[in-house]
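Here you get one chain, nothing else, as structure tokens; it is the form predicted on its own.
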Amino acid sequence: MVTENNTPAVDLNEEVRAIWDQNAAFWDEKMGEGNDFQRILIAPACERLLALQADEQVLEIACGNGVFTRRMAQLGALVTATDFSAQFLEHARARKTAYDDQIAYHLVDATQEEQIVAFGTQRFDAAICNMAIMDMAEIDPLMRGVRQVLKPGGRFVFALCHPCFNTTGTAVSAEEATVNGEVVTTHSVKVTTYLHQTPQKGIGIIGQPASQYYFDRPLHVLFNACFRAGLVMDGLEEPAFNHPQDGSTLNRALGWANYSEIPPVLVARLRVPH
């Protein structure tokens, strides 16, 4: 078994798991109930595309510390939340809410199709994978598994770092120029690699104990995995920070709050055909 970039997937997947177990406590502390990316960009877009109804059965892949799990339960969903990091699941369970009876946490490796299908075919009304697909050594097993556990017409929403603008093949910059007697700062993104990217280590949150792997994929690789599994796309959002926001992560000189015309995140909705 290899990744889309011909990298052995089994050993690499176990290294990825070890890294996330090591980072889990730090990420739980920093993420809390949602950082700026989650609160301002990701959660609102995911909620719009999911369009949850009360008592719907939802499968969450890679729930992390459960910040969106708890939000979906608050909205009335019955959530089966999974992650392949046992440490992350411990932190998720430790964050108690009034909606805990609507949440069940399970240790599941989303690169193993059979572990997803074990929940039962056509069981779920919806599925969500929030900012984790770029962390996975393989995604075809995920797509095939989700396709089987969703009901006909069921939707699968996922958010990830934008494959065009926010990858290990991009760099952000700022330039100053004098225009009509005023100093104007222009922020831009430089893309050096897009079509053929290999797994690279990077930092999700500054200060985390271990750097994590990114498996950046161009759009055709990402969505063809969905289409091969029999999923069809009917929703897409590219949220960006459209005005200055609070938060040290965003207010850095090259923080994403300065790039109002460039989305750092892509959110897509796929469906199982009736």
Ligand SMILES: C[S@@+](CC[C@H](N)C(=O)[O-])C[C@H]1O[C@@H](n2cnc3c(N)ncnc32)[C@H](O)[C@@H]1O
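Quantities reported herein were computed from a predicted structural model and do not represent experimental measurements. Numbers follow the displayed sequence, beginning with 1.
The next section is about a form of this same protein that is not shown, the form predicted together with the named molecule.
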Report summary line: With a 4.5 Å heavy atom cut-off to the named molecule in the predicted complex, the contacting stretch among 47-55, 218-226, 231-239, 60-68 is 60-68
**Report entry** Contact of Asp125 with the named molecule in the predicted complex (heavy atom, 4.5 Å)
**Finding:** no
Query raised in the report: Ile103 near the named molecule in the predicted complex, any heavy atom under 4.5 Å?
Result: no
Requested in this report: State yes or no: in the predicted complex, is some non-hydrogen atom of Asn166 no more than 4.5 angstroms from a non-hydrogen atom of the named molecule?
Outcome: no
Query raised in the report: Contact between Val108 and the named molecule in the predicted complex at 4.5 Å, heavy atoms?
Result: yes
**Report entry** Trp27, Met31 and Met131 all contacting the named molecule in the predicted complex, non-hydrogen atom within 4.5 Å
**Finding:** yes
Report summary line: Answer key: of Met136, Val146, Val157, Val79, within 4.5 Å of the named molecule in the predicted complex (heavy atoms) is Met136
Query raised in the report: What residues in 12-39 sit within 4.5 Å of the named molecule in the predicted complex, counting heavy atoms only?
Result: Asn13, Trp20, Trp27, Met31, Gln38
